[in-house]
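There is one chain below, alone, in structure tokens, taken in the form predicted alone.
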């Protein structure tokens, strides 16, 4: 594509993968990159040996552009993770959950493109001023931990686009070509996918997780954590329902134990919904199949072209 974001990141399609934290799957990230998008693994709170292994595995499975997400204030060894990214020659890094400014010069010195994940106009402007190459603008529809301001994607993206000059990627509530077309119409240069990629053939998540997404409807997700200022969007299951019921009587330590990555792994990787939760965005209700990543991207691109062409004719013919 003759598209600035694709040229900048060295990808075929303007589609990138969300980090997914501790349940990141290097083989899925490689599949995304091999299909023309930007595959991403997140380091979450994983021990450094696991981080190193996941980076090596991703790089072994693809020779295309790929990315590592570092949640700055979450991982206790974020600086060491940054050094590992540079040492392995990962071409793109994604920074979230903290101030990216101290890290950006280091990555730029190593020729690494920097994506910053933001949820407000102010965050986006600060990220651009710090020297990032691309901004992900994530709305409240997204899966997992979300910003406290609860701004939605459609409202937030055009405001961020107007406020910065670097390419903006829309995230939250996108799963098909219509979502891609809508993001482009709002001024974004591309989209980030999370929930949609869980329900793909290459994703090594438990089948129960994939089936839960495919059977979801528009009311299938729930927000927990408002009491503790850590909003997280989950797919409804028995464990999520229990957390929501108990949230008002739990103290902070008990709540954060119940929502720890250990319970995320139990739900996403083991498929045990009595003892673990699964992240999912509001767009889960739109997902009704489990395609290969390559087929998904081809379908999305064809649908986006069709939608944008039809919209043009509706407006101007």
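Numbering follows the first chain given and starts at 1. Given the structure is predicted, the values throughout are model-derived calculations rather than measurements.
What comes next is about the form predicted together with a small molecule, which is not displayed.
- For residue 279, a non-hydrogen atom is located within 4.5 Å of the small molecule in the predicted bound form, even though that partner is not displayed.
- Within 4.5 Å of any heavy atom of the small molecule in the predicted bound form lies no heavy atom of residue 9.
- Contact check for residue 209: a heavy atom falls within 4.5 Å of the small molecule in the predicted bound form.
- Residue contact with the small molecule in the predicted bound form: residue 33 places no heavy atom within 4.5 Å of it.
- Contact annotation: of the candidates 202, 84, 141, 133, the single residue with a non-hydrogen atom within 4.5 angstroms of the small molecule in the predicted bound form is 141.
- This chain is drawn without the small molecule; in the predicted bound form, the residue among 15, 293, 20, 300 with a heavy atom within 4.5 Å of it is 20.
- With the partner left out here, the small molecule still marks one of 239-247, 85-93, 142-150, 156-164 in the predicted bound form; by a 4.5 Å heavy atom cut-off that stretch is 142-150.
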